[in-house]
Ligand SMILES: NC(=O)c1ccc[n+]([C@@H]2O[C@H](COP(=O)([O-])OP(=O)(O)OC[C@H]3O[C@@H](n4cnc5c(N)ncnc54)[C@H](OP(=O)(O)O)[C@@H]3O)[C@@H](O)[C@H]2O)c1
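The chain that follows stands alone, in the form predicted alone, written as structure tokens.
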């Protein structure tokens, strides 16, 4: 099924000329978004509920306010807080101060899709979701490359929501590589699906492969370097994003092509498809959202236990040794 892809020419920054944009949350994503908008000539203020956020925003030359004050001042409020923090902040400090004709823009459709946030009918509601890690939003803007993004309008109270959303997308560099129109529901479901299928499979595959090599006597730094610390795998993924998986594999040496395709069936497990289907069913039904809400209420008890079990594995000591050997600094 065809879908709309918006390009740089579809965004007109003049639709923000008379508007003040409130970047609500000055963290991993809020900071690059605010900097990009300012560099694009958009008037920006910061809304934050933390002393660190206020200090960082002020140091970067922005006017910083408490959340409620920023919402009162801005006509467009771009909500860039973590999902688990956003709901209570919305109830206490955002919703009471929304005005007719203002616009809410989210970078994640999670809370709206699963009913934790219900915007009033008199405001426009949009989604602008970069499909890149937060640091890349600034890096790709400065390089001029841009990045893919998802765009959606859930509520168009005045019939002007799309031009404003496209202007905002252009201002942060989210149209240079294409802005794909999508529904709120699909953005939330797809994001969770990738997190809960591809990421754990990749994690399990790499850690298992490292374990096999170390058990067979391969040096620690060489084993980790070959599998992912060299950057070859990440480079492969970058090129795959440009040309697609099959085309990229066809450009590899024939030994690589034959080795990959001839051994593919060894790793085929028809249970995998069913496990992915079950994961998607949990997401679409809201079961995962309810599970995550319960986990937060429970003080992240299970998440802490999961990390405790992971951190106890010997493999991470070996990884640190490999990083040290390669002269890499490990972030805390």
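Because the structure is predicted, anything quoted here is derived from the model rather than measured. Residue numbers count along the first chain shown, from 1.
There is another form of this protein, the form predicted in complex with the ligand, and it is not shown here; the text below is about that form.
With the partner omitted here, the residue from 155, 102, 196, 83 that has a non-hydrogen atom within 4.5 angstroms of the ligand in the predicted complex is 83. This chain appears without its partner; in the predicted complex, the one residue of 192, 225, 134, 210 with a heavy atom within 4.5 Å of the ligand is 134. The closest heavy atom approach of residue 126 to the ligand in the predicted complex falls outside 4.5 Å. Although the partner is absent here, residue 29 is a contact residue: one of its heavy atoms lies within 4.5 angstroms of the ligand in the predicted complex. Residue 49 belongs to the set of residues with a heavy atom inside 4.5 Å of the ligand in the predicted complex.
Residue contact check for residue 107: one or more of its heavy atoms lie within 4.5 Å of the ligand in the predicted complex. Taken together, the three residues 53, 67 and 130 all come within 4.5 Å of the ligand in the predicted complex, as judged by their closest heavy atom. Residues placing heavy atoms within 4.5 Å of the ligand in the predicted complex fall in a single listed stretch, namely 73-81, out of 157-165, 226-234, 199-207, 73-81.
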